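There is one chain below, alone, in structure tokens, taken in the form predicted on its own.
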């Protein structure tokens, strides 16, 4: 029979088909297991923790299946371990970065300074966290670019997480003319902030004159907003403040200089 045809050594075509069948079944079992884990634990674990658990379960099942089929295809596991020991010594020197990334990934997933969906900045990369795996972190920049950052760099860098805290503050410096009423301008700005639905009341916003500049009276505005709405609130409030000040005759002045000439030409006036 064709199934008894020897491919190599004592391994026949039927042995290879058995190996393929076992691995195929293992993949199906792994997928079913991860689907059930998602259903049972989706409301108990965070998204990144659930993804990590699914990956561990999936690859563990595949690994067990691989170990199980090795004797069928004539591979001695004991011999592989001995050979692997020597290969490991050789590869160990060439895989220091891989090990560092692996260890860093484990620490990142346990410490959890960032989560999937967070807005972060790591070095010169800023954007949304798309995925956190054992070896690397995937960031989608604000321009839509895909950036893969090795976990060693993520773990050893200063991480700025823009949404880790529920509230975030922004501020403006708004200059008005010396001829304008600063108290009225402050009152207008406070009213605009008060009316905005996403400008937080606690912590309380602050509006005050900070500096008397060369060409303007500088009013500082500090407002807190939900971290997820921070950018839209900042842009919206700035535009509304500008329009409200203009409607009340309060303008942002152009830079001005007063120049005095020491030796002015004499002028004579005749009747």
Partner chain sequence: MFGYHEIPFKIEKDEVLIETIKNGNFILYRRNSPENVEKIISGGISGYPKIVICPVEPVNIPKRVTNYLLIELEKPIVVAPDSSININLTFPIEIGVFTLAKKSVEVLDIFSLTKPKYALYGDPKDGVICKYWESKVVEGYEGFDPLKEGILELTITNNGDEWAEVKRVIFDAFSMKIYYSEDVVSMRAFMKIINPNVAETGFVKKPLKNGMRRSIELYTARKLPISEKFLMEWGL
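Residue numbers count along the first chain shown, from 1. Fair warning: this is a prediction, and the values are worked out from it, not measured in the lab.
The following text describes the form predicted in complex with its partner chain, which does not appear among the structures shown.
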Worksheet entry | Location of its partner chain contact in the predicted bound form, chosen stretch of 105 to 113, 165 to 173, 145 to 153, 126 to 134 [non-hydrogen atom, 4.5 Å] | 165 to 173
Worksheet entry | Contact label in the predicted bound form: residue 186 to its partner chain, heavy atom within 4.5 Å | no
Discussion item. Taking its partner chain as it sits in the predicted bound form, is residue 140 near enough to touch it, meaning that at least one heavy atom pair lies within 4.5 angstroms?
Written reply: no
Discussion item. Check residue 197 for me: does it contact its partner chain in the predicted bound form (non-hydrogen atoms, 4.5 angstroms)?
Written reply: yes
Worksheet item: Contact between residue 202 and its partner chain in the predicted bound form at 4.5 Å, heavy atoms?
Response: yes
Worksheet entry | Heavy atom within 4.5 Å of its partner chain in the predicted bound form - residue from 236, 229, 210, 246 | 229
